[in-house]
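Below you'll find only one chain, the form predicted on its own, shown as structure tokens.
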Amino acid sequence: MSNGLMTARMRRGEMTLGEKLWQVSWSFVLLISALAGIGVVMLYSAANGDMDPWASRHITRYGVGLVLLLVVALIDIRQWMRYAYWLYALAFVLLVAVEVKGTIGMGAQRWIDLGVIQLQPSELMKVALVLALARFFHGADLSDVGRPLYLVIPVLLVLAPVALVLRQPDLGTALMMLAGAAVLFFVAGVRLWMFALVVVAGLSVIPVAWQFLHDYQKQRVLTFINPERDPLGAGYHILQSKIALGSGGLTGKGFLQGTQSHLNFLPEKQTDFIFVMLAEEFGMLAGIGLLVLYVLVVAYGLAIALRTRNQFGRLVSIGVTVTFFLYVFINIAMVMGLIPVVGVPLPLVSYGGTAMLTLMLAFGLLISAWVHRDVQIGRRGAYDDG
């Protein structure tokens, strides 16, 4: 088949299953598999040299997630665009279900017990929101997004789930959703003066918003400002995290030799503080190496966004990449004491079922955008021979 004919078929999305599999970015799959492998090693260490209870489940979840990724990647990108609002509605209904009859854990009501897995709908909403905003802005031009009234609907699409997530309460996830949405608004062409107006309005309501924060959230902010004010209470997590980070030095204490983690001074070592355990056992060099892998994932995502010819795929790629970056940035900044402690896992490395499957779903959408990068989509979602 000639290159010209093949290109024309790709623009129409007329590819066989074999051709789509050939287009999958297998180097990207290898990269995220390496990250998941690091997670297995660290979860094995967190359990003091045992695959149970975390490492074995991490492998299983990654295997299931990899199948999910490939299925999502092979589905025509126009189908994801067509059902974007329906998927958003489903995620929103699940958030409402959490509000009505959710499972309470660690003082928060964030999960739905499905027996096999504890589903956290706020994680799914991160991806569903990206799809919905990409669908909305796909059909917009610069004159549309320059009108404030045109932005009422996408703003409501963001604020409605954020309000439900804040009620759980889950401030970290709510802030991630707001930050990710803000980037999509910017890429879609929303004027800078509108962002400035929102920032000024947000700063002006901080004194009022402070009154609505839960006591533990206020305590986290105060502890961030001065961790030593309560070293055995609210400041314990971050102080132990800094001790573990510093004690690892350049090359670490050795595998299974981390004192802060294995003597149980380091809390939540299998989830939120797993990066600290890695740095303690393998040192700063290993931590930098992990960060390099994360940078490569972000670079892949941005490269796919730049190469994708349709606006929907471009926005989805950027939304997924930004969401992934926020996971990494917030978690690592948190354990280093640069921001207050929030419950955000380290992607593909921390233990967590819903977060893993949500990320693999998001990566599937990213690869779908790459596989269908030359597909031309009209403003209403139909093929455009443009």
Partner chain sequence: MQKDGDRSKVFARRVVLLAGGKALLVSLLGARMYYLQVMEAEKYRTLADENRINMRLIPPPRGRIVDRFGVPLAVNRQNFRALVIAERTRDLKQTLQTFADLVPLSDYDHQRVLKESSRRRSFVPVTVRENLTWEQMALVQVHAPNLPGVIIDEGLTRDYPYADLVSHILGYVAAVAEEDMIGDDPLLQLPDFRIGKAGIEKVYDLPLRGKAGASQVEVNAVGRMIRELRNEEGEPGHEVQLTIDMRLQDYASRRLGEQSAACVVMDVHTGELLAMASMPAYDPNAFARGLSQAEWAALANDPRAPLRNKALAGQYAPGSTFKMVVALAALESGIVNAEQTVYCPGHLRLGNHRFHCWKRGGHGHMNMTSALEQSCDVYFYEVSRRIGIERIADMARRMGLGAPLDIELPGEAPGLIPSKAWKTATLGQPWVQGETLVASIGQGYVLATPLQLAVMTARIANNGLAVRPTLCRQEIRDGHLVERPTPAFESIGVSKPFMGLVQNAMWRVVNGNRGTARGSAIDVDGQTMSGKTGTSQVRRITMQERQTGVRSNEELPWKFRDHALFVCFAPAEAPRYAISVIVEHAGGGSRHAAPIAHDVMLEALRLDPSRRRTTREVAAIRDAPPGEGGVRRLTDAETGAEESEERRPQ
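Residue numbers count along the first chain shown, from 1. From a predicted model like this one, the values you see are computed outputs, not experimental measurements.
If you look for the form predicted in complex with the partner chain, you will not find it shown, but the lines that follow are about it.
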query: Heavy atom contact within 4.5 Å of the partner chain in the predicted complex, the stretch among 354-362, 32-40, 336-344, 45-53; finding: 336-344
query: Proximity of G248 to the partner chain in the predicted complex, heavy atoms at 4.5 Å; finding: yes
query: Contact of L203 with the partner chain in the predicted complex (heavy atom, 4.5 Å); finding: no
query: Partner contact for A97 in the predicted complex: the partner chain, 4.5 angstroms, heavy atom; finding: no
query: 4.5 Å heavy atom contact, L87 to the partner chain in the predicted complex; finding: no
query: Contact assignment for the partner chain in the predicted complex, among I153, L192, V71, L159, heavy atom within 4.5 Å; finding: L192
query: Contact assignment for the partner chain in the predicted complex, among S122, Q260, T271, Q168, heavy atom within 4.5 Å; finding: Q260
query: Neighbours of the partner chain in the predicted complex among 296-319 [non-hydrogen atom within 4.5 angstroms]; finding: V298, L302, A305, L306, R309, Q311, R314, L315, I318
